[in-house]
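One chain comes next, on its own, written as structure tokens: the form predicted alone.
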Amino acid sequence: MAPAPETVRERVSSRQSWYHTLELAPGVVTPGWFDLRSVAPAVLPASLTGQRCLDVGTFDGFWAFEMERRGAAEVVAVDIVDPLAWDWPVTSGSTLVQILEDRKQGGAGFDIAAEVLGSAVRYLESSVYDLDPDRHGRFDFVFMGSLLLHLRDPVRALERLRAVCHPAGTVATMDAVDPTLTRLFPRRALASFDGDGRPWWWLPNVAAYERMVRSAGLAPLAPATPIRLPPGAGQPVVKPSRAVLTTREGRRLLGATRKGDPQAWLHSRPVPAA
């Protein structure tokens, strides 16, 4: 029996913050940083019936639960609970580590959502770098969203997705892109670099994003599709100010608040080994 909406509402409010917007009961929606419900129909197949699926960097589990809802025979969700195991620059301070640890809360959001939804998704603690077909098996559909930005070695991560995908399977990725670099250099692969105190590393234009995928031995099935991720109720609203408008990061955050976070997605297939 599904828990009463009042009980679910109490469970939702027990968590300090949510990354994903999830409808866990009629009228009970988590106040996520992003609301991806309108994005999922474009990125995921309408049906995954009978397929074995993997969600990499699951956080609160939105994509894993969506794959399950689309009929997947099995869904495995992986993530790193301990923030100290993320790709931090040496210059990172303990304050930011604590802020992100408080946001993730040891994967509590996934646990609450899975219990309330009665989900059979299997959660494993693992880095994308450690994905191994001998340990995790192979999957018909592999998804990784909004994670390349936070990885020191994004191509290596994509290689691991290829390693655990069936030769005829699909690797679906969606990640942050730089709209200015994309507009100025639509065909030249370029990326801006951060790496300054936080686990934000590479922000490519769409051409570089596609090049990363190809470099990892994955063949795109179609060109990457730009998309904007709608902010959820838990994302602070950035308002115009001198401090915001005079910094690149401030302008990016302002644009994300007004239009959604700029990302791109594509589906690809493993290239056979030579």
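Since the model is a prediction, treat every value here as computed from it, not as a measurement. So that there is no doubt, residue numbering starts at 1 and follows the sequence shown.
Although it is not shown, the form predicted together with a small molecule is what the next lines describe.
Does residue 162 reach the small molecule in the model of the complex if we count a contact as any heavy atom within 4.5 Å?
-> No - in the model of the complex, heavy atoms of residue 162 and the small molecule never come within 4.5 Å of each other.
Proximity of residue 127 to the small molecule in the model of the complex, heavy atoms at 4.5 Å | Close contact exists here: in the model of the complex, residue 127 approaches the small molecule to within 4.5 Å, heavy atoms only.
Report yes if any heavy atom of residue 217 sits within 4.5 Å of a heavy atom of the small molecule in the model of the complex; otherwise report no.
-> Taking the distances in the model of the complex, the answer for residue 217 is no, it never comes within 4.5 Å of the small molecule.
Applying a 4.5 Å heavy atom distance criterion, does residue 36 contact the small molecule in the model of the complex?
-> Output for residue 36 is yes: heavy atoms within 4.5 Å of the small molecule.
Among 213, 56, 67, 206, which has any heavy atom within 4.5 Å of the small molecule in the model of the complex?
-> Contact with the small molecule in the model of the complex is made by 56 alone.
Check each of 191, 80, 116, 76 and return the one that places a heavy atom within 4.5 angstroms of the small molecule in the model of the complex.
-> For this set of options, the contacting one is 80.
Among 142 to 150, 67 to 75, 163 to 171, 108 to 116, which stretch has residues whose heavy atoms lie within 4.5 Å of the small molecule in the model of the complex?
-> Of the options given, it is 142 to 150.
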